[in-house]
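First, one chain by itself in structure tokens, the form predicted on its own.
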Amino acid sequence: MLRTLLILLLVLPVTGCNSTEPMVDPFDPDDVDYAAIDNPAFAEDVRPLLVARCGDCHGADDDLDATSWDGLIAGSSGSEALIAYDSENSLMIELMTKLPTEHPAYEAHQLDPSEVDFLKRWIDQGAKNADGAVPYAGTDRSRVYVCNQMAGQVSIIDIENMVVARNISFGAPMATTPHDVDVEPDGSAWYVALINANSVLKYDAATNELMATALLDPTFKPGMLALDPNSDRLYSGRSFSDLSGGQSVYTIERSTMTATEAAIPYTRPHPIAVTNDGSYLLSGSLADNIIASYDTADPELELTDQVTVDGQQKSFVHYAIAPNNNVAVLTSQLSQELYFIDISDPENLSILSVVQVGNQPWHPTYSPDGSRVYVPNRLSNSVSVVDASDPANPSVTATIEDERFAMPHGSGITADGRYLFVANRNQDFEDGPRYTPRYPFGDNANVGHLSVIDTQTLEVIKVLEVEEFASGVSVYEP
């Protein structure tokens, strides 16, 4: 008994009288068989690895915090770190697997291959936190949908954090080529036009799972979409790549995805829009210098007015409708013009004015108060800011230019008018792609991107790299 007590007295000063915790060996990833973990858990498996391998450079006080789930999914000031369900296009994985050895950041991002595969499994299973939550899940968040035409994908942007939250793939890029996207007013579903699949798809916005498909005529290549928030109707015009000379558009009942082809009296109807009250459909031609209106009471559509514009071929691209529903603007690719059209009486259309913008104006957007129109100019690599307060006398008041613009295409704006989103194709110019990706991965020279513009300063405040050939844009806010 006495001997035991002496031993305890001798040991206590060595171990420390103030210690109440047993000594634990520090965590060492080399002691873990990551290949054996099929279903990674964030708290038990993922976080310890990230803290050990990444925490020195990416801790709580750094631009990217890789030591917490909230910090990881928030990304850095430059971009997201990961995209749930898509490890292939998640930046943290690309840095570990694609970065050239000569790049300055190469040594800082090297993990054992089994550890990389483990992190890929976690991301592909949803990048869930300790409670099983998936990043940016649900339909109660503001988001931007961007078509990536040459990648066969749609990217979904979380507006609050300005990161890519999801990539949804449709199959082989050249067999699908998604061009335009639209969203239900309540955010419950979204729709995408697949040019080469001759179809329009409906997706559940909560799960991003396919709900239904409207299969169109094999000769019809869908381009722009126009959703009527006051009815069950969705309309589709023809793609630029539809060279069939077809004279029809489609009416789609969204609840059933039943499609009805409606004949029209001119070729290549590309631009398409629904008046704010849903009573009329506006259309136009890439080939025939025609703009027209249709009564939407019948799914097969009734022509109510048609106007032929004199002069050179215009090649009308896309509409935007003023909040007051009295005016529509329409871009003309070949004449570099923006047309202001009186639609207060859609059965008697008239052109109010025409203003010169940039080279190949594409998808315009009205500001929510109707005072401005923003026009991405595809070949000028600029965005024209047009004063629309007097539609009979509009003027370009500013031109937004940025060295990162690369074939601006689609556009959308937040409900408060503060942030303008412009998709950039970044396809080849004479001397190659215009935009240089953030990291040279070898397969991303033509990476598309979404420019985020502060409309108060008219400056690009962030560039979000998406996938190849960013085209149609749709903004949803709850």
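Note that residue numbering follows the sequence shown and begins at 1. Just so it is clear, the model here is predicted, and its values are computed rather than measured.
Omitted here: the form predicted in complex with a small molecule. The next part is about that form.
91 is the sole member of 91, 225, 73, 309 with a non-hydrogen atom lying within 4.5 angstroms of the small molecule in the predicted complex. For the options 453, 413, 64, 447, the residue carrying a heavy atom within 4.5 angstroms of the small molecule in the predicted complex is 64. You can rule out all but one of 274-282, 76-84, 373-381, 293-301: in the predicted complex, only 76-84 has residues with a heavy atom within 4.5 Å of the small molecule. Using a 4.5 angstroms threshold between heavy atoms, residue 434 stays clear of the small molecule in the predicted complex. The small molecule in the predicted complex is not approached by residue 35, whose heavy atoms all lie more than 4.5 angstroms from it.
When contacts are judged by a 4.5 Å heavy atom cut-off, residue 58 counts as touching the small molecule in the predicted complex. When the small molecule is considered in the predicted complex, residue 96 lines it closely, a heavy atom lying within 4.5 Å.
Three-residue candidate spot 189, 200 and 234; no residue lies within 4.5 angstroms of the small molecule in the predicted complex by any non-hydrogen atom.
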